[in-house]
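Given next, in structure tokens, is a single chain: the form predicted alone.
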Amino acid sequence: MIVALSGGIGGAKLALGLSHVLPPDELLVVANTGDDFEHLGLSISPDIDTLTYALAGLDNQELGWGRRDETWSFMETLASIGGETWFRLGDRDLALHVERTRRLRAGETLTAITADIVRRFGIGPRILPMSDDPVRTRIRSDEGWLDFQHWFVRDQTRPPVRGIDFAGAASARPNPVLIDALRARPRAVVICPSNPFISIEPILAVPGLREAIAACGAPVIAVSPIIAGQAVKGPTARMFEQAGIAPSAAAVAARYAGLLTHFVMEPEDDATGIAAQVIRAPTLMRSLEDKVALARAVLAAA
């Protein structure tokens, strides 16, 4: 079993690569749910959905989020009657949120709902929320505390980050399926190339998860989302700068201090100070071939 910890877009790319080189029952992808929120009365799980669409071959590669072949009648009508339109929900995507919300209110767990949707989309590997208890990432800015999606989508990450809080994490219970997988000593734990601050650290903030990973006896392999001091996508590099840290692959590795046995990074980047075995491999994933090649490099390290 390979256990992969993932956020959204970058993590989904590596998860897709791993899904092409592993038997379906040997890949467990653990999704960050700190980005989850309620919008227009609907329960939205952005990272779970990004992983689901990517592994089903339904992701919108032009936008980088949502479903391909999307239509926007709902948003157009919502705008015409004065509704909130800062968080865009396509018509096909909307159906998933409506059904998830209905089933959550009927008492089903997010784990059970996700597993059923994954099965219905014909996806072989499992996608697992980090917890069935709500954990919500909040950003402290000069304007005060902001809900994550307000900062990330509505405000386009413009407010400088002065602090991060994972509300609910202290009382959240780790997903028992994940704990069982870690106790069974997986072949490896892979930390996908996702933003450490807002995609991976919410997972590690769930009580007991960091300790369970450290104690599982398997290689723990992280892939850098920083190349030559820049993030491939998103605010990762800027968040390091705002924390007073020069963005680099080594800075990413330092966020996972005490966990890593291996760290995968670009051949040209500086590995000084990394307290793990460094694996040099191309980490920029533009094509499916790139994703598969990086997956193979990660598995070779394992």
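Note that residue numbering follows the sequence shown and begins at 1. Everything numeric here is computed off the predicted structure, so don't read it as measured data.
Keep in mind the form predicted together with a small molecule is missing from the figure; the text below concerns it.
- Query: Which of 164 to 172, 81 to 89, 221 to 229, 180 to 188 has heavy atoms within 4.5 Å of the small molecule in the predicted complex?
  - Reply: Going through the listed ranges, the match is 81 to 89.
- Query: Contact between residue 50 and the small molecule in the predicted complex at 4.5 Å, heavy atoms?
  - Reply: Residue 50: contacts the small molecule in the predicted complex.
May I ask you to state whether residue 153 is within 4.5 Å of the small molecule in the predicted complex, using heavy atom distances? Because a heavy atom of residue 153 falls inside 4.5 Å of the small molecule in the predicted complex, the answer is yes.
**Message:** Quick check on residue 132: any heavy atom within 4.5 Å of the small molecule in the predicted complex?
**Reply:** Contact with the small molecule, no.
message = Check residue 149 for me: does it contact the small molecule in the predicted complex (non-hydrogen atoms, 4.5 angstroms)?
response = Because a heavy atom of residue 149 falls inside 4.5 Å of the small molecule in the predicted complex, the answer is yes.
Query raised in the report: Given that the small molecule is left out here, which of 136, 97, 103, 140 has a heavy atom within 4.5 Å of it in the predicted complex?
Result: Selected option: 97.
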